[in-house]
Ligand SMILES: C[S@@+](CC[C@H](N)C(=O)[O-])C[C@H]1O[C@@H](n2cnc3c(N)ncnc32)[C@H](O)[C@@H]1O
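Taking the form predicted on its own, here's one chain by itself in structure tokens.
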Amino acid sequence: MASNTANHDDSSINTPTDEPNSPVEAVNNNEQCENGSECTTVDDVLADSESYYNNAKKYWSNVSPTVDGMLGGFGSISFIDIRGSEQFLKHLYKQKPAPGRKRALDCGAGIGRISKNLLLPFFEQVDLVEQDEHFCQTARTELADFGSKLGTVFNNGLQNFVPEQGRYDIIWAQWVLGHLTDEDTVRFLDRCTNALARGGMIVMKENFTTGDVVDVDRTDSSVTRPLVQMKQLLKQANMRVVKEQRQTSFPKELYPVYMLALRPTIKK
């Protein structure tokens, strides 16, 4: 999917389900309702996961398959975003053991912005997973010049996607996990753990709130979580953070964006 501010292929600057999130600031679910009417809570929004995912799918089906569409109107940040991700990725190869450079997976890939500018130049082959078929078709066209380096483009939502066991050196999920419920986020990360090759890592790049409250964007059906809450979900998924870095040079009106490199927790 796309994302809220970095939408799909990034899946969102704000947040997307399985689409990339976009960098735009999401609606704060905790604002007071007018006339004292009862507000919908985060739990209410996520309680009906089928509607939650369907609403996001409907939203992204009406988004233009362009970089600006993927980034919620913030296409101008794409270069800065990719450069920050590139520097972060290069630092991961100083870790021991370092990941391989054979295969990567782009989650919530949208039209393939991240695959084109970051992953395909770096890895021998890249697979994409994207919920919107129109975006998948655009990605196949946009990335055709990479030939056999472009692997499979999976037309599927992350809440249902099961990656091949032991296949990927890097699994990149950007601006997309906000489109997943907490439970599906944990399940997805667990499936990704099984899909990592020896020494592999999962990288998430997401918007986070500055406080301790989850923000809900009812427009694209996504949430923006506090960083501390995401780390709780990572713990449930038996993942540990091996490197954390904040993206710099984004417009001040956007959410803080952090990159987290993850590996499975080592059982003693």
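What you are looking at is a predicted structure, and each value in this text was computed from that prediction instead of being measured. In this text, residue numbers run from 1 along the sequence as written.
What follows is about the form predicted in complex with the ligand, which we do not show.
**Student:** Place the ligand on this chain by superposition, using its pose in the predicted bound form; is the pocket open, or blocked by 3 or more ligand atoms lying within 2.4 Å of backbone or C-beta atoms?
**Tutor:** Blocked, since after superposition 3 or more atoms of the placed ligand lie within 2.4 Å of the backbone or C-beta atoms.
**Student:** Heavy atoms within 4.5 Å of the ligand in the predicted bound form: does G157 have any?
**Tutor:** G157: yes, in contact with the ligand in the predicted bound form.
**Student:** Any of the heavy atoms of V126 lying within 4.5 Å of the ligand in the predicted bound form?
**Tutor:** Flag for V126 set to no.
**Student:** So in the predicted bound form, does any heavy atom of I171 sit within 4.5 Å of the ligand?
**Tutor:** No - in the predicted bound form, heavy atoms of I171 and the ligand never come within 4.5 Å of each other.
**Student:** Is L105 a contact residue for the ligand in the predicted bound form, using a 4.5 Å heavy atom cut-off?
**Tutor:** Heavy-atom contact with the ligand at 4.5 Å: absent for L105.
**Student:** Only one of 91-99, 129-137, 190-198, 162-170 has heavy atoms within 4.5 Å of the ligand in the predicted bound form; I'd like to know which.
**Tutor:** Of the stretches listed, the one contacting the partner is 129-137.
**Student:** Going by the ligand in the predicted bound form, which residues of 173-193 come within 4.5 Å of it through any heavy atom?
**Tutor:** If the 4.5 Å heavy-atom criterion is applied to the ligand in the predicted bound form, 173-193 yields Q174, W175, V176, H179, L180.
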